[in-house]
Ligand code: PMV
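A single chain, nothing else alongside it, follows as structure tokens in the form predicted alone.
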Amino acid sequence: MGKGSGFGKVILFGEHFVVHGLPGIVSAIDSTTDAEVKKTIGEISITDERRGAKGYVGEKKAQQLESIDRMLKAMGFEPKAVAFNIWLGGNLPGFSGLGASAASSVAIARAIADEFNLRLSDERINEIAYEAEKAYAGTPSGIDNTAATYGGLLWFKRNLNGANDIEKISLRQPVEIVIGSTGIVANTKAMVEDVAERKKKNPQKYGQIFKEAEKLAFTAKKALLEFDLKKVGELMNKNHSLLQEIEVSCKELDCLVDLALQQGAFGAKLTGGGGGGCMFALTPTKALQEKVAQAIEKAGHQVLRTKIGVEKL
């Protein structure tokens, strides 16, 4: 039996903007999707035991099957010529916005490689997972699968003409965060396409917003390197405002962001594609993390208590 794991992630800065070649900052969290693969005869079967938002597994089923097909082709297999049972579990919930699809793609790729005795580097696993992500996101930036593969805190810039620019950011220590789920299963592919369409129709407005987002990413990188968490929180709030301006937030996300800030979170913003999915709040110390988490739970939402800057599976 082959085994593999992939990190969940939160995008601290730059979601949507990274698709268009701007820099972003992403962090793995200390929650993973785990996969087991066992060769069999017949067809590929999937047992998905991940905890998730209502309807997540069902709504993503077709995309999941396509992703595995893409993955096998990228690994040199003829999809119809191989069969195996796939089990998915782990402590990363299947909430939209946490890179659940990328984490599962990395986990499955590693498990297949393990089962078939393929010695694949992390770089190769990342490439395979990127191909799989096309089933979920159309034209993915690559930021999710990169975080799922390597872990840690990463500066990411999509190079539209070649290899992506990836740089590790050294965080003094992992920091507590709270992730709150709206319970809405988001369609990342549709959200990305809608932003591109609005940008095309209003280039002047969106050009200015994109410039602000790029400047903000560089400022945030400096604050993270200096471990100035108050500044990081302020910049997160600004980033959320920019995402509201490009119309990817929603009232449920905005309510959760406001609630977290009212409870003392250093900063809060949506994470991922928007239109539902998740937000996260920067809550250094377990006491603040618990205070914010309980407030979100009391409001009727699922939460994940986790940390950013985690580097080991």
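Residue numbers here begin at 1 and follow the sequence given. Keep in mind that what you see is a predicted model, and the values were worked out from it rather than measured.
In what follows, reference is made to the form predicted together with the named molecule, a form of this protein that is not presented.
Novice: Which one of these stretches, 210-218, 141-149, 115-123, 173-181, sits within 4.5 Å of the named molecule in the predicted bound form when only heavy atoms are counted?
Specialist: Correct option: 141-149.
Novice: Leu98 versus the named molecule, in the predicted bound form: is there a non-hydrogen atom within 4.5 Å?
Specialist: Answer yes; at least one heavy atom of Leu98 falls within 4.5 Å of the named molecule in the predicted bound form.
Novice: Should Val18 be classed as touching the named molecule in the predicted bound form when contacts are defined as heavy atoms within 4.5 Å?
Specialist: Answer yes; at least one heavy atom of Val18 falls within 4.5 Å of the named molecule in the predicted bound form.
Novice: Could you confirm whether Val192 comes within 4.5 Å of the named molecule in the predicted bound form, counting heavy atoms only?
Specialist: Within the cut-off, so yes.
Novice: Is Ile11 a contact residue for the named molecule in the predicted bound form, using a 4.5 Å heavy atom cut-off?
Specialist: Looking in the predicted bound form, residue contacts with the named molecule include Ile11, since a heavy atom lies within 4.5 Å.
Novice: Any residue of 261-277 with a heavy atom within 4.5 Å of the named molecule in the predicted bound form counts; write them all down in order.
Specialist: Residues within 4.5 Å: Gly272, Gly273.
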